[in-house]
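Next up is one chain by itself, shown in structure tokens, the form predicted on its own.
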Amino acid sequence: MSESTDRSGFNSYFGFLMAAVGSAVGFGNIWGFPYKMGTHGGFAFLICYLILAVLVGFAIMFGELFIGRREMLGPMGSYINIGKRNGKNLKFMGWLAMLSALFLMGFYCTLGGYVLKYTIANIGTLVNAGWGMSGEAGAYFTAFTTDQTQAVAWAVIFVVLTAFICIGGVSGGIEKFCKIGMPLLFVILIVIIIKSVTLPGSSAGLAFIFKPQWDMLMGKEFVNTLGSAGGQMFFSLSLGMGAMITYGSYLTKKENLESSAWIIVICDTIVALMAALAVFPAVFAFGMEPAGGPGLLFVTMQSVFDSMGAIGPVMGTLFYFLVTIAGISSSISLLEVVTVSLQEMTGKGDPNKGWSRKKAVLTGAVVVGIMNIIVALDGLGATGLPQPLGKCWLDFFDLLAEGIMMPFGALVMSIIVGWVIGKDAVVKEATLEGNKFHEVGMFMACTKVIAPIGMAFILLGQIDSFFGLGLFSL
């Protein structure tokens, strides 16, 4: 195999798990999960999320890993091959996966740039430098996001960091970063949680997370909560965007697909809960608003750190550095989907005949960079840039990816695995090298029935929420 088209995979199973968990653990956990949990009443959202993770998340995670490892290709090549064997044209699924990853990255790196900026600014405060945090947190955030030059610069830096790691390859770039970054992320989270839950008044935050609030599960509002939890699950677990198909294509035949899927889902959910434990006790301890929207990460949490006194800059630096690690681990998986898809497209299904890795990474990075420049210039809708569908550019790209493409792609994927590929092929792949598939009955029931129905409700809830149709409001 030539160096330019080398598709060698991970050097170790641990490296694969850290990369897969890293793909799942991102802004969806550290940023999205806490603020969506806050918006939808805490415990009600948590219950919906956990049920969906078990009944839908596992099934789709397993299905994507199965497709990737069975075909040993990314989403474009995998769906082309599956379609050929079954007399169907499934290339559109490859396009759907690649575009989902592309649209997610279209705003993801702008958020990554925000987090990088806040990491550096908190370090500046720590060392009493002029470039540290200054003024009220809300005013600082507004000033930064509407400073188009600064916002664009930090977004581009994040894109460059992502591309640099991906150019290093799967084992030389992605695996090396995640084997260090993911354990470090857990350690930093634990440190922040210990501080957060020991603050005076933090018990109110714990009650917000774990005390039953059944009113959010009653009536039409239930579908909105379900839709938000489902969208969060896809965003958080990196489902419906081809990331797990891509990483699964690098997985050796001796590894157990079932346990791999469960480990990724469980680890991702644990990190999401840990993020909530890091955020909400501190938010309530300082009397902040738990349903603070995206500003929870940059305004509410920074206000919390500002209120901590001398220890604040230390905690702020740790927190935003943690979010940076989580963001990069996910962004490299998204760019890997785009990279492999470009190689397979230019090679007519065979990545070894397509573009070199470097050319594909750089091409994807340029497109992603342009999209993020638009989002950064938009300043979350505050700079007067023309807006599609009356939404800021970040929300627009999020609508296309998380709101529509990802749940629709996951719905169709589950139908393909359950009804087109079928049980026999799934069991054959899952039991290679003497591996066991204990939950085959549950998997097939979820894939053929529960997941498609769940996807339909989630897709409807997402569309209702994004467009404000009011179909499921009380």
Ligand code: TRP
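All of these numbers come straight from a predicted model, not from anything done at the bench. Take the two forms, find the largest set of C-alpha atoms that superpose within 1.5 Å, and that set is the rigid core. Numbering starts at 1 and follows the sequence shown.
This protein has a second form, the form predicted together with tryptophan, left out of what is shown; the following refers to that one.
The single contact residue among Tyr118, Tyr79, Phe319, Tyr108, judged by any heavy atom lying within 4.5 Å of tryptophan in the model of the complex, is Tyr108. Put simply, of Phe45, Phe27, Phe66, Tyr35 only one has a heavy atom within 4.5 Å of tryptophan in the model of the complex, and it is Phe27. Figure note: of the listed segments 129 to 137, 189 to 197, 234 to 242, 67 to 75, the one touching tryptophan in the model of the complex, with heavy atoms no more than 4.5 Å away, is 234 to 242. Leu334 belongs to the set of residues with a heavy atom inside 4.5 Å of tryptophan in the model of the complex.
Tryptophan in the model of the complex comes within 4.5 Å of no heavy atom belonging to Val56. Contact check for Ala360: every heavy atom lies farther than 4.5 Å from tryptophan in the model of the complex.
Mapping the unseen interface onto this chain, Leu104 counts among the residues with a heavy atom inside 4.5 Å of tryptophan in the model of the complex. With the core held fixed, Lys36 shows a CA shift of 2 Å or greater between the shown form and the other one.
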